[in-house]
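Starting off, we have a lone chain in the form predicted alone, written out as structure tokens.
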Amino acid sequence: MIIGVPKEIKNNENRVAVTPAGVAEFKKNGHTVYIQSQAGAGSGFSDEEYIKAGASILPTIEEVYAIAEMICKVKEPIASEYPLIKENQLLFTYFHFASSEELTHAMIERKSICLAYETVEKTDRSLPLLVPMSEVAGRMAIQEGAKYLEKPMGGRGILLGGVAGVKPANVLVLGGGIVGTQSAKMAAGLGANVTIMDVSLPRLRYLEDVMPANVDTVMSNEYNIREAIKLSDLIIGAVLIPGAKAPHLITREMLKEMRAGTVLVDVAVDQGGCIETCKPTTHENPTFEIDGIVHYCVANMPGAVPYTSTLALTNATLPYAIQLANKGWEKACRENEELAKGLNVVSGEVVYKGVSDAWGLPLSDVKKWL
């Protein structure tokens, strides 16, 4: 198969979908890999390293899309890429269709095969291609939150861990999944008082067992959230419903119950966000203020630490990409239910329920292609 890896062009997105090590694996399996010039530069990989691994370098994104049967990316295509996508071309990347109607309709119109990292799902319902970036984003949420709690950044001017004789900050984490668990661990490690909320009692029992003493577990409901936000300095939104829009757990009118300078970090913003007032921002302009509350809503947080993120992501994606290249997407999805669940849009038809529900589009049965 011919694999194409374009350079990511989303604002401040420095990750790359295939490393030189990945190229070597594709070559070992008999495939041809084309990398857009400088695609790996942001993650610390030079064109020379790709050539040494067996890839061919193409100067433009147009050439990569034109020659490739499978496109491997990190983030969803943006508007300037839509016309480059060919009918029946396989795109293997993060899509987050439920947060963008424009993207959904564009991919339907292009009649491409859209296999989304975020909905590839194991039998235990875990999301193997979302986990590595969730780990990075969860840890970064605290790193960024701590920074924006500083007064010059618009925050309350509070040190996350406090010092002797001064109480530490109160951190509220909404959601006890991968993102929430990593956030709570990081915040606790820095010495903050942490409360983590989830709707699952078994999950809360697990967190109670593994978290340090400065982490409290609380059942997530509107009353408990309203009480907790009054005393919180940093609030992390870490709620995910696979492939669907995140629910709004914090509404606009709840902001007035918070203290001025409170920082909100909505990690779920690329799935619509679990904080109503959050709208996607970029690493260039990461924050905005509403009612004195600082909102940090960068949709591609791991893009700021591309070396770590690229290696963590490609460790997880490469085995699946090799299967797709070796067998073709139909056979690979037929033989691997995990990959089949990654199919969101196929030849102009929506085949994933979360996307169909988000935009009121007809749902087709994926089995007719498999």
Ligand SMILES: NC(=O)c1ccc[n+]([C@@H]2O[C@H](COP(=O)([O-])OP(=O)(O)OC[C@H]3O[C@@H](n4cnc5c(N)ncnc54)[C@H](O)[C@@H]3O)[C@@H](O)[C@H]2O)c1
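Residue positions are given as counts along the sequence shown, with the first one as 1. Model, not experiment: these values are computed from the prediction.
Omitted from view is the form predicted in complex with this ligand, to which the following refers.
Exactly one of the stretches 63-71, 298-306, 314-322, 31-39 approaches this ligand in the predicted complex with heavy atoms within 4.5 Å, and it is 298-306. In the predicted complex, no heavy atom of Ile236 sits within 4.5 Å of this ligand. This ligand in the predicted complex comes within 4.5 Å of no heavy atom belonging to Leu264. When contacts are judged by a 4.5 Å heavy atom cut-off, Arg203 counts as touching this ligand in the predicted complex.
Contact check for Asp198: a heavy atom falls within 4.5 Å of this ligand in the predicted complex. Residue-level contacts in the predicted complex: of Asp270, Glu144, Glu118, Glu76, one residue has a heavy atom within 4.5 Å of this ligand, and it is Asp270. Only one of Met186, Leu129, Ala137, Ala192 comes within 4.5 Å of this ligand in the predicted complex through a heavy atom, and that residue is Ala137. Looking at 216-232, the one residue that comes within 4.5 Å of this ligand in the predicted complex, counting any heavy atom, is Ser220.
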